[in-house]
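Let's start with one chain on its own, the form predicted on its own, as structure tokens.
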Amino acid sequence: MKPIVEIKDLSFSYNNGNSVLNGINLQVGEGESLAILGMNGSGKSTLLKIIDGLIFPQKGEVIVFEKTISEKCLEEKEFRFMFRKEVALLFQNSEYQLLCENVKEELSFTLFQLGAKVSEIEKRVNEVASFFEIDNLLDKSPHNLSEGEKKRIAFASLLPQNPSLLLLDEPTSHLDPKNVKFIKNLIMKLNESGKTIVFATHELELAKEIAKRVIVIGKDHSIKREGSPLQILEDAHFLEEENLI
């Protein structure tokens, strides 16, 4: 399995000096579905943001599509265009992601930024809206909708450009059972279609059902365990030690 993400000896601290990630080494293979588990504050969300090139580590290297990600490389127009097309991040809080006046504009935003033709944008937006069952919401403001609808729209806004790597931060948090089932089935379908999925979650059942591999970021902000869902999630003593149950 060809790695599309390689992380080497990565460490990160915010301005207060507190370590958030410590000595992270990780590879993500093309087409993989990887769950990142860890207690609140362990660094899961930070790791996804680093892979997405939103923040940069003080130490270590992040390689995506065989290129080290840095502020300098993301200033290169050709690479930035490719990177922003191929990599998409779903934020834990949908409000951070929904910035436009209506849902149609949300779904169109990235394609407009990438310079797609209007006809192609219309086609892709309609396809994605149908797939997410939000056709009836296209003219509505996303800020006046339910949490489940907001999550669907935030997720849907990632797909019109057809990215190959999806980074999902707590994709089912604060959702009712119907929307949890929808999002879970959606992630499985996207992975089956060949997309690489990396998702952070504290919901063990979600990791068990849809991940092919699991890593656990421990209380010391390093990777404590790595293996199959069965290997990790059947070890109740380890999960208790890491405050996951």
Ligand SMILES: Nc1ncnc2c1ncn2[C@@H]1O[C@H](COP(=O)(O)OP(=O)(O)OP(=O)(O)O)[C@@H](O)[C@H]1O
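Throughout, we count residues from 1 along the sequence that is shown. Remember, predicted model here, so these are calculated numbers, not experimental data.
The same protein has a further form, the form predicted together with this ligand, not shown here; the description that follows concerns it.
- Of the candidate stretches 58-66, 23-31, 44-52, 204-212, only 44-52 has residues whose heavy atoms lie within 4.5 Å of this ligand in the model of the complex.
- A residue is said to contact a partner when one of its heavy atoms sits within 4.5 Å of a partner heavy atom; Thr110 fails this definition for this ligand in the model of the complex, lying far away.
- This ligand is not drawn, but in the model of the complex it has no heavy atom within 4.5 Å of Met188.
- This ligand is not drawn, but in the model of the complex it has a heavy atom within 4.5 Å of Asn40.
- Although the partner is absent from this view, Gln92 contacts this ligand in the model of the complex, with a non-hydrogen atom inside 4.5 angstroms.
- If you take 8-30 and check each residue for a heavy atom within 4.5 Å of this ligand in the model of the complex, you get Tyr14, Asn15, Val20, in sequence order.
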